[in-house]
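Only one chain is given next, in structure tokens, and it is the form predicted alone.
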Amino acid sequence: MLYLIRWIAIHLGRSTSRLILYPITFYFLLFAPSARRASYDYLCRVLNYPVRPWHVARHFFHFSATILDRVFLLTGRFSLLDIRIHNLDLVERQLAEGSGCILLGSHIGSFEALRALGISKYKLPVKVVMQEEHNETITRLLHSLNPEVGKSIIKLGKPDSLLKVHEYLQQGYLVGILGDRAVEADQTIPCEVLGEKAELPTGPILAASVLSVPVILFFGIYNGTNRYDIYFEAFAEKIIIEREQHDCDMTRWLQKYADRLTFHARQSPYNWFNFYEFWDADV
């Protein structure tokens, strides 16, 4: 099915391939109960009105649309999309200084909008730390469209992962990390997201502290039809975690990040793509 969708997207165009999103949305609405519950739970927190099934369907549709658009991003068909970049000067200044930085993102919006656009169109030195096993089939399928983008991955959880991050940062690369989803064996700290405590991984903040590099936030927001807005935000010139007050400092930085998650989730509620139980009632 994935290969069929890719073929339709490449050969029949974006308008035709978007018609497939409606049955896909309907399928997940009916046959993905855990994702449906997670969507409903999240939308109840972020929307200011009662959540109905069509709101959950819209949430699924937005996610499906960003997955489909990855085909066009990875094949360099940027003219099909209206992509607007805000505060790119933050990144340009960092590159001009010849030093790398961490681009700290999340599962709000399209991560691929930044990665493919940065590598293929703007020729930015971008590497991405990610767990390749997550959505492995989709990842492998899409990277076959653009092997150069596929080569940008630093595999998460390997013995030399942090070493590779350090090496690329020293070479002036922008290293992208998603900071809102813990993976196995991650240490986490509870932070307030959308008014309730949720566990966020300490790894990205700790890495920025240990490597002593600046951190810039980014959000690739999908705003319907073919419109994307990519936002860069200054986060920290340097993150300092004192040993004597490790937990306090870590919590402060993570909560600062969580506050930006909350802001963008409220601004673009259908862009939150964490379809699992994010808030733990026991926290």
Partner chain sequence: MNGSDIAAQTPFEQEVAQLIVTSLNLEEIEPANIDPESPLFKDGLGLDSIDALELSLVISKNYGFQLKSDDSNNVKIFSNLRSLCQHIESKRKK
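Numbering follows the first chain given and starts at 1. All of these numbers come straight from a predicted model, not from anything done at the bench.
This protein has a second form, the form predicted together with the partner chain, left out of what is shown; the following refers to that one.
Interface residue remark: Glu92 is not counted as part of the site for the partner chain in the predicted complex, having no heavy atom within 4.5 Å.
In the predicted complex, Pro147 stays away from the partner chain, with no heavy atom inside 4.5 Å. Shown alone here, Leu80 lies farther than 4.5 Å from the partner chain in the predicted complex, counting heavy atoms only. Taking the partner from elsewhere, Gly105 is found to have every heavy atom lying beyond 4.5 Å of the partner chain in the predicted complex. Proximity to the partner chain in the predicted complex, defined as a heavy atom within 4.5 Å, holds among Arg140, Lys123, Arg84, Lys158 only for Lys158. From the list 113 to 121, 164 to 172, 193 to 201, 67 to 75, the contact stretch for the partner chain in the predicted complex under a 4.5 Å heavy atom rule is 164 to 172. Residues are counted as partner-facing when one of their heavy atoms sits within 4.5 Å of the partner chain in the predicted complex; in 215 to 251 only Arg243 qualifies.
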